[in-house]
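Here we start with a single chain on its own, the form predicted on its own, put down as structure tokens.
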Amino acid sequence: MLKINNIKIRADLKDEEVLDFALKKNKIKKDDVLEWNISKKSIDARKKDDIFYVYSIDIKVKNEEKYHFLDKVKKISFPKVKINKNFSNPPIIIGAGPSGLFAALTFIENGIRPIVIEQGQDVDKRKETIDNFFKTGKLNTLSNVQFGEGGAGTFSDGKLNSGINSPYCKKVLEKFVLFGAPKEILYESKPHIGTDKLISVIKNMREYMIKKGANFYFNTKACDFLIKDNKINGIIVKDLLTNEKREILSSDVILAIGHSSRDTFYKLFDKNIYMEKKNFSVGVRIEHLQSDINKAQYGTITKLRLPPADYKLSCHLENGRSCYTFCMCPGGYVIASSSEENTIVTNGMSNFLRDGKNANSAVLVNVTPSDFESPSPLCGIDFQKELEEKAFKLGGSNYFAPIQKFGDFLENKKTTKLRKSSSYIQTRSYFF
């Protein structure tokens, strides 16, 4: 296929109209086009008095030599992987978040039937549990915004942009579309699915894998590991509904446990599994009116029907610290995301339309192993938990997050009144 690049569009056009514009500009006969698809769409808002869309289109034509002035689409090549199907027992995947689900899908596509262990609920029951937490403050520590089918990303924004350059990025997007995600994610510069749509996508993915022979066990916790001669032989799981324990044997176990499975990290530490300290980041959620972000990014002149604007900010200091924004949610909500009792954790969430009144993002600063006196590789986990427990107390010890205006934060003074309302689902009038 051939690629038409740098197509500048200054109007809200349908896909077919964008194609017609590109063909006309490049003097390509439409009758010569056999296949076509949009491969990229972005917004150039550098000049507020001249904002436009930038498209790329891939086309397949009858007589390619005639259009030699167009670049050829580079074929994506994947590394060759030797596949061993001689399993004495099926591989086990612990965790049904994005890593676990795609690990399972990779096995299935190569004729291998994995076992997926997830302590949380399937995505439908999980949503009911989370909605109940938002309404009542009653936390289920085993199934919540962080734990359960789909992982934390299901109740976030379904963001799909990555800073890495890998052929697998497009493959991941194609799989999501296959299971019901909007096709626009294949070409938008910053694709997202949205929590409202992602729930059904995850369910479709699981049902497909079960039909192909995968086994999913929800409400099932991996509570111990069977290790002999420094090799994994299987795991011990507990059915959280019956409290019954049983062994599942396998010499192949994938840990897809995510960031917050602290009890599993402690168990691995007790088993003398080698672990290292690593850098990570901590921070808060900051909220603004989405209309203010739109004005800052797009100005007030354009008549284009642009999507809610986003942003990304960073500051690198001489002492090696970095302060930056992450997981920006246009038209989104700050939500209660605790997974342990008596802790406060917040996250950002957006639906597909991103039509909420507010925008929010995480504002983070990096911490390094040198910040902790303890030699334990788990000292960072203890630091996180300490912060979360302090936030819980500041919020009134009832899963209401403490809130402070940014201006008051800079002046180190207590907030007594909010001019703009927060989207935080568990908010009440509590300031610090």
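Since the model is a prediction, treat every value here as computed from it, not as a measurement. Position 1 is the first residue in the sequence shown; the rest follow in order.
One more form of this protein, predicted together with a small molecule, exists but is not displayed; see below.
Name the stretch: of 129-137, 296-304, 261-269, 205-213, exactly one has residues whose heavy atoms fall within 4.5 Å of the small molecule in the predicted complex.
After filtering at 4.5 Å, what remains is 261-269.
Spell out, yes or no, whether the shortest heavy atom distance between Gly148 and the small molecule in the predicted complex is within 4.5 Å.
Gly148: contacts the small molecule in the predicted complex.
Quick check on Gln119: any heavy atom within 4.5 Å of the small molecule in the predicted complex?
Contact check for Gln119: yes, within 4.5 Å of the small molecule in the predicted complex.
Does any part of Val123 reach within 4.5 Å of the small molecule in the predicted complex? Heavy atoms only, please.
Contact with the small molecule, no.
Check whether Pro98 has any heavy atom within 4.5 Å of a heavy atom of the small molecule in the predicted complex, and answer yes or no.
Although the small molecule is absent here, Pro98 would touch it in the predicted complex, with heavy atoms inside 4.5 Å.
Just one of Thr220, Thr106, Ser250, Asn351 has a heavy atom within 4.5 angstroms of the small molecule in the predicted complex, so which one?
Among Thr220, Thr106, Ser250, Asn351, a heavy atom within 4.5 Å of the small molecule in the predicted complex occurs only for Thr220.
Within 4.5 Å, heavy atoms only, which of Asn161, Asn342, Ser166, Ser291 is in contact with the small molecule in the predicted complex?
Going through each option in turn, the one that passes is Asn161.
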